[in-house]
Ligand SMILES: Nc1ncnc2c1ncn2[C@@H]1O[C@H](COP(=O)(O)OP(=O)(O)OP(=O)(O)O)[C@@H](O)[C@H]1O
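Take a look at this single chain in structure tokens; it is the form predicted alone.
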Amino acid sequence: MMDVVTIGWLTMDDIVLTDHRCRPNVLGGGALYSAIGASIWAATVGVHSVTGRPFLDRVRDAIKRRGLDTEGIGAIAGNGLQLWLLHETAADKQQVPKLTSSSADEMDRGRGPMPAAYAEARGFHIAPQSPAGSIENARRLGALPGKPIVTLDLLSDEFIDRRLYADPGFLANVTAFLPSEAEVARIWKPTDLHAWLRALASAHACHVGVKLGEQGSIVCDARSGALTRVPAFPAQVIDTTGAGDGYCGGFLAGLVAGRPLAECAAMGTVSASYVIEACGALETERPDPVERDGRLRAVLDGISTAA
């Protein structure tokens, strides 16, 4: 049985860093970065996505060499999703589709059904994609036998119609919702983040974790309403692309393993720390378990209760 399956986009990125260096043709996307984050803790991780037909063999081979299952990776006509990732500051970046790119809707429509073996996975992560794709995947996963563990992240860039997220009713089929602080501000604009977290978690019986970049994350337990602050790990930053996705993968791996919620967030933090020490998902280090667990202890030691 697969431990974790990630569902979302694979992309071919040209990454422009803050010093104006450009790293072209980097294989990325939320489905891949979250799978990498999960694989730091979980033994078997599959990716359900598509890429452009000209790149299919190359993409599958590269991802398979990283130890991920590629049965769920298919192809669509065209080049797949090709993005400029423009880093404007260490914390702020934007994604701009290239003129040669397939559209977000083409990516979601082309993905098709999951392989039968994936449907029995212990946990699923719905990585950033179109709002319609996210909501539909949450519905489909919620209908699976046994109601599996499901985490969800989203996208609020300008090429996304984020108005479709305004009603968070889709969280009824989600175990943990893991947006970034910037995404929360763009879509819901809460005046009090703590109150918003508690209200959302309670209303939908869904844990909520908000990623705060270099400030770590804050997590709300759906049952108790307790808020926990989880610090970032002081990694040597090379490129922050995919950090939030890596966090989601590690978080889901913790849920699948039955860890306490704060420890799930700490596992996500550790996964993100390895992602940002590389440029590109497939360049992320495969950590030694002893060193990885040392990072986890350091993060756990910094956890605090939020008011």
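From a predicted model like this one, the values you see are computed outputs, not experimental measurements. All residue numbers are counted from 1 along the displayed sequence.
The form predicted together with the named molecule is left out here; the points below concern that form.
Query raised in the report: Looking at 235-243, 34-42, 65-73, 254-262, which one sits within 4.5 Å of the named molecule in the predicted complex if you count heavy atoms only?
Result: Of the stretches listed, the one contacting the partner is 235-243.
Query raised in the report: Taking the named molecule in the predicted complex as the reference, which of E120, D105, E214, E136 has a non-hydrogen atom within 4.5 Å?
Result: Spelling it out, the residue with a heavy atom inside the cut-off is E214.
Query - Non-hydrogen atom contact T269 with the named molecule in the predicted complex at 4.5 angstroms - result: Residue-level check for T269: yes, a contact with the named molecule.
**Report entry** Proximity of I276 to the named molecule in the predicted complex, heavy atoms at 4.5 Å
**Finding:** Result yes; I276 sits at the interface with the named molecule in the predicted complex.
Query raised in the report: Do S180 and the named molecule come within 4.5 Å of each other in the predicted complex, heavy atoms counted?
Result: Yes.
Query raised in the report: Could you tell me if K93 has a non-hydrogen atom within 4.5 Å of the named molecule in the predicted complex?
Result: Heavy-atom contact with the named molecule at 4.5 Å: present for K93.
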